[in-house]
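In the form predicted on its own, a lone chain appears below as structure tokens.
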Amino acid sequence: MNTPSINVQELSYWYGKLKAVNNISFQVMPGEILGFLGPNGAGKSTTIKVLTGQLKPGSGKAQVLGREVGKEDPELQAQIGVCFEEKNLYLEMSALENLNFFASLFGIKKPDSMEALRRVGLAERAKDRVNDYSKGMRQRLMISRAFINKPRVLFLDEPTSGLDPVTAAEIRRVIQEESKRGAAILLTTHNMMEADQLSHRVAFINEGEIVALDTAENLKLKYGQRAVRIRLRNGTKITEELITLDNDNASTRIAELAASPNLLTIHTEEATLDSIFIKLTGRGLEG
């Protein structure tokens, strides 16, 4: 049986009297991407800071690769990759110099920095100063840096924020490659399409508590509506019909409408992750 790469049991953390994280438990297995979803202030960043050793757990247990977090552990840090929204790059150095320097901190003598930059589309700008990079280019460099040590665990905080759609798609592909390589990935994002596409499971966190943890598909089946919405043109008007799939006559009615020459579209009425979160908490993931 696989051992969890990230193992959190009844973890809590306080900022003074404010309980930012309230008795949460979850695991991330090798090769798994867990979407960690919630609005700003929900407890996501605090949890990641605990797991990356920036904060000591208030109570409960937090382990990464079987080691307790919250203390100096260079061996553990060498097996972790992080990409935070805050950019802490060396602006007067080139992208290549940034990666080489960061790799040297892990004792990597011959890092494949050019390949790392190629994966995020920065190879042609490798020798340019980061100070001349756009916001999106700096974000890509941060992602490249997170991968340079071939980490066993990745913490990715809004990894495609500020990227154009084409580049964002490429970064998602790279994240999936890291998952297939065996890295456990804790991913935070406000992009619900991205979370749905990448995550093997999703955890909804709200006001410091995990309110749901399952695959996106299972959550949609549990909280969504099994129905089909069919649009037809009726003369100059467009009409819609919602057919609940649990209805005994559903298949007959769908076949009848699908055969109509007036058919325009057929769509499943599948719940979205955002709508499920609102149903569970009364607030949106962007809130």
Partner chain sequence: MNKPVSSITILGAILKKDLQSYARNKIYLFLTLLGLGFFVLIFWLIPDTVEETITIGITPSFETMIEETATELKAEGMAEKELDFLKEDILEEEISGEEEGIEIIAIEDEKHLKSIVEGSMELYRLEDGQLEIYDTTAKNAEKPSKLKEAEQVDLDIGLAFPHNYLTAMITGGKSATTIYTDAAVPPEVQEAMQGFVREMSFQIAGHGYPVEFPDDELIILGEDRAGAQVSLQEQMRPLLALMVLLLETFAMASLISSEVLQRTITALRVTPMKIGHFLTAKTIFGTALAFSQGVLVLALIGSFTADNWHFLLLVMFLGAVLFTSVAMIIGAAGKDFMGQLMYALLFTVPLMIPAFAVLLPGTAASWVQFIPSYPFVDLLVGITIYETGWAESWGPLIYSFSWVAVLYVIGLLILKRKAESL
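Numbering follows the first chain given and starts at 1. The model shown is predicted, which means the values in this text are computed figures rather than measured ones.
Beyond the structure shown, there is the form predicted in complex with its partner chain, which is absent from this document and is the topic of what follows.
- Using a 4.5 Å cut-off to its partner chain in the predicted complex, each of Phe84, Met93 and Glu97 places a heavy atom inside that distance.
- Listed residues Gln197, Gln176, Thr215, Ser104 were compared with its partner chain in the predicted complex; Ser104 is the one with a heavy atom within 4.5 Å.
- A heavy atom within 4.5 Å of its partner chain in the predicted complex is found for one listed residue only; from Arg67, Lys222, Lys61, Arg253, this is Arg67.
- Note that among 51-59, 224-232, 255-263, 238-246, the stretch whose heavy atoms approach its partner chain to within 4.5 Å in the predicted complex is 51-59.
- Among heavy atoms of Ile205, none comes within 4.5 Å of its partner chain in the predicted complex.
- The closest non-hydrogen atom of Arg140 lies beyond 4.5 Å of its partner chain in the predicted complex.
- In the predicted complex, its partner chain sits within 4.5 Å of a heavy atom of Pro74.
- Within this chain, Asn88 lines the site of its partner chain in the predicted complex, having a heavy atom no more than 4.5 Å away.
- In the predicted complex, Arg129 is the single residue of 125-142 with at least one heavy atom within 4.5 Å of its partner chain.
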